[in-house]
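For reference, the chain that follows is the form predicted on its own, supplied as structure tokens.
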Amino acid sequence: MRQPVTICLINQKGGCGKSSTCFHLAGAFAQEGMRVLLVDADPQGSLSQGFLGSALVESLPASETIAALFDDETYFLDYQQLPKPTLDELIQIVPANQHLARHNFPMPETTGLKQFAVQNLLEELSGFDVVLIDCPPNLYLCSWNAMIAADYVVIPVPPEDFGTQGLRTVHQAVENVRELNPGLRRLGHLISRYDRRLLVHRSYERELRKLYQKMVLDTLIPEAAAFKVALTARMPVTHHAPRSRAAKMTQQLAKEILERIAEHVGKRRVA
């Protein structure tokens, strides 16, 4: 059975585009005929609400969300029932809501087998080509779980002071997780919410590329209204506004991610 490529999007800062990137990137992969599983590992549940609506997501019992993976009182969990369908038949999502918050402990390395909850979930699910995991804006148990389960990490970062702070801590967390998941690799930093009209954004882009070089993805995700409009329709921008610049940049990002993964796999085979 072919294993899916699993990518987690992580940063300590909120509002840097993790959920939005997962949401729209899922549409780009689906357009390529790939079956996509989204795992919402953020107690805020923004990604889940984007696809399923706030009212439905907030009313879900813990047993129908990712929180069930961490609940000590869950004895007979049917993993197959956790993914929910979306408007695109190629995209499914394991939702999250407020029930997850009490499980998102700091010092995740002390939580025993709960560190492997998401990994166990993905081992039980099949039929997907790519898995995208949306992480909360911290490095607690949910993000730790995502990195243990993932093959690659993408770090969205807006080109401004608050967006770039704490990146070294994220990198250190990736290194720490490699003790449990040696195959985890950083795919790159994704510059998000970019406005090329702003001198400060262009300056930060240059600095990021100077500092991290090839570890910065070439694709820039712009600050665009089309993303938000598509979200209100509960559809990725690639579906809602396929001719928009936002859709084209999202498609370009999906292509670049797949190319980087193929390059890494090729190097690993040669080695």
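The first residue of the shown sequence is 1; numbering continues from there. Because the structure is predicted, anything quoted here is derived from the model rather than measured.
Unshown form predicted together with a small molecule; subsequent notes refer to it.
The shortest heavy atom separation between F29 and the small molecule in the predicted complex exceeds 4.5 Å. The closest heavy atom approach of Q44 to the small molecule in the predicted complex falls within 4.5 Å. Within this chain, P242 is remote from the site of the small molecule in the predicted complex, having no heavy atom within 4.5 Å. Interface membership of R193, defined by any non-hydrogen atom within 4.5 Å of the small molecule in the predicted complex, is confirmed. Annotated contact segment (heavy atom within 4.5 Å of the small molecule in the predicted complex): 221-229, selected among 221-229, 234-242, 207-215, 55-63.
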